[in-house]
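Only one chain comes next, encoded as structure tokens, the form predicted alone.
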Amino acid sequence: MKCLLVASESAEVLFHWTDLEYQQNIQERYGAAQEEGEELPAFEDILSTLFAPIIISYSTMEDSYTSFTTEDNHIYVLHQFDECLYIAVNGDGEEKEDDLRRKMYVMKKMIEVMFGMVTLSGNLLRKELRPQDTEQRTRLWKYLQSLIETYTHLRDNDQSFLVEAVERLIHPTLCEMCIEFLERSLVQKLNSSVERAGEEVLHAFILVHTKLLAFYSSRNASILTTPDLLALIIMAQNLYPCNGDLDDPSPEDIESTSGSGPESFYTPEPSPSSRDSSSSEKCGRGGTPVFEFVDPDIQMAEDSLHTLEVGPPDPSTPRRVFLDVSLKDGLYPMMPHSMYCLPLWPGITLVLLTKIPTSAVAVSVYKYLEDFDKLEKRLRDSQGSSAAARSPLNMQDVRSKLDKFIKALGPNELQFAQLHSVWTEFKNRAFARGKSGFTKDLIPLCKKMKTQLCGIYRQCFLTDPPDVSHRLSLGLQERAQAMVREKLMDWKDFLDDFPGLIHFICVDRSSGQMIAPSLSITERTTSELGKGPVAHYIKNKVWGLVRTTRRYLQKGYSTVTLRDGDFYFCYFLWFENETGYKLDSVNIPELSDDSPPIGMLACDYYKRLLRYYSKNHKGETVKCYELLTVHLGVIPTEIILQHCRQLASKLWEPSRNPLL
């Protein structure tokens, strides 16, 4: 009984996703009110009618509500993002308010990654989310719906998406060899090829399900932020979901990867396990999570391995994605890239992110958007008739540069003509002879200029389908795929041993990376915790612990210890300088109940927390860490705390981490 809806202020449905149970429930309720023999309207129209009173009341009330619960225990959570209203609903009790709010923020993030700066214009975003062509709209909505389902599955089953940090496969030797290969062989060859059509590979990384095996960025590349990387992992998992149709093989089932017959490769299970049949149709592997208790000193390279048959090669068409880029003169959000997902084996994917030849246009558009946004704010705040004298903006400089920018675009495009027309009107009003035209009367023209700039951005980077001549050739993609396959086959023995560990989750919030033992699913493996209902029970406890610690963190607590039946849970958040010295604790700001969810994918809470803490440590590099542990309750408290200290000191030793 779940629903997520995006609507305009006029109650037009821009996007919706529902599970089958919610759809059937709504159709039955609506059908009962219909006259006999009358056909049901389209489901989209039913949703529009159903949600219209909520949307209208939300937009007209002075003190808008953010959530409510109906008599039949359906939870509704609402949030306005610019001109779009997001509404998330749950009626089966499986999601709380925080889960629904997080889902809305994640959906907004995925839309930004897909549409970039077009999201800054409500009118253009409506056109993108609700294309007039019905077939195109159906195709887009199905893709967005599949992204929600992929994210929801990962949030409920994968530890890295539980805590919203990137999980790495911990095998330093293999990781360093892979990174060296990506740098010296793959990326250099791709960037020197004549078949790259002007594109430049900036980032290359290898995923084992949702885990990062190796990551390489070229010297010209900006840092890929954790929120963007998590969003890309969702898209990669959505494109190549896990294959759960194969049972875990026994040792005698494992065949050599060399020789004739279908290729096979040892692939770690995701952590926690691959999807079970009740939660997703994409993966049918059943079973229960199993925990392995071993010495914390053992290297945590995790997950037992199994062989998987390889299907026919399917090099993917690149997808345009929009990611944050840090340049010398500042941060530029939502810059266009091409994303290539090349399957190596089931569960193992090579991802390439390339810079496209026309990306400089996006940089210029963002600069001008900022200029007009700043001017609009100053005009609104100005008390007198003119804000030009007090404004630090050099509009003459903006005028000169924008004239050159528009001239370089070319006069043959319709969007160019519209931008040129609005810009001419703006100049005639703003730079009138004999008087300053920088008054509040310019505000509507500032808005028009921002819309037209977003339109140029849309025309340049959101054409559908993308121009085949401006991407890596299919042959080049296939050669890259073959090169990485061949090299990983040489190194497959390194992936042979991934033992588990007593359960904990440790997160470096400065880098957005996490380490945790796996929560394996297999009927052939057992541990002190056994398998079946007990193991499922522990898994649910871990997920519940994360939700509980977030609530305490929201209220300003950085340490939580609690006993729950036979188990003892601990949570610690602390700060260190770059030498590893633990810094003094401070009072963490409390957050309101309707604040953005704590995490890194939906909204980077920890980036703001680091900025807040660093105010008192100017000139120092401050790092933030989190540690969650689960112990059996019979262990004395002093031993538990000693274990936590030992884990915290050992997990991030340089010798234990691959070079990233």
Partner chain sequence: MADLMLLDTRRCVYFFLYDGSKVRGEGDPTRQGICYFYPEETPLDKQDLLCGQLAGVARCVSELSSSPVRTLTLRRCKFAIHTKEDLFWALGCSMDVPTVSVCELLEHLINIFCFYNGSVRQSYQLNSKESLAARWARYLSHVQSGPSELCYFFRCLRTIDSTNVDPLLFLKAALILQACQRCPLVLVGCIFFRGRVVSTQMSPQLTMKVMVYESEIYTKSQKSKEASTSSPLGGAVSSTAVFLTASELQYLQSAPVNKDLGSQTAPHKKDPPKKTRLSRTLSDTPSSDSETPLQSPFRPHLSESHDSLFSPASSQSAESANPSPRSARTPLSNGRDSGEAEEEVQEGSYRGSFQNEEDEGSHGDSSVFTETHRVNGDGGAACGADGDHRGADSEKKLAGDPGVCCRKGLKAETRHPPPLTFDGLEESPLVPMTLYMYRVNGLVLALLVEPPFTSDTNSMKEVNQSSLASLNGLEAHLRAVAPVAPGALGQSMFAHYDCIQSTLKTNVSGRSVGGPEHLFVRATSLLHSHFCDTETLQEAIIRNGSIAVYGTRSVAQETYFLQHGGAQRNSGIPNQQDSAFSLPSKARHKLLKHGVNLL
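Note that the structure is a prediction, hence the values are computed from the model and not measured. Numbering follows the first chain given and starts at 1.
One more form of this protein, predicted together with its partner chain, exists but is not displayed; see below.
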| request: Could you check which residue among Val560, Leu379, Ala221, Met483 gets a heavy atom within 4.5 Å of its partner chain in the predicted bound form? | output: Val560
| Which residue, Lys367, Lys541, Arg479, Lys448, has a heavy atom that falls within 4.5 Å of its partner chain in the predicted bound form? | Lys541
| request: For the three residues Lys108, Arg139 and Ser146, verify that every one has a non-hydrogen atom within 4.5 Å of its partner chain in the predicted bound form; reply yes or no. | output: no
| message | Heavy atoms within 4.5 Å of its partner chain in the predicted bound form: which stretch in 161-169, 350-358, 185-193, 69-77 meets that? | response | 69-77
| With a 4.5 Å heavy atom cut-off, would you call Leu14 a contact of its partner chain in the predicted bound form? | no
| request: Indicate whether Phe181 is a 4.5 Å heavy atom neighbour of its partner chain in the predicted bound form. | output: no
| Can you check whether Asp133 is within 4.5 Å of its partner chain in the predicted bound form, heavy atom basis? | no
| message | Given that its partner chain is not shown alongside this chain, does Tyr65 nevertheless sit within 4.5 Å of it in the predicted bound form, heavy atom to heavy atom? | response | yes
| request: May I ask you to list the residues of 593-617 that have any heavy atom within 4.5 angstroms of its partner chain in the predicted bound form, in sequence order? | output: Asp593, Asp594
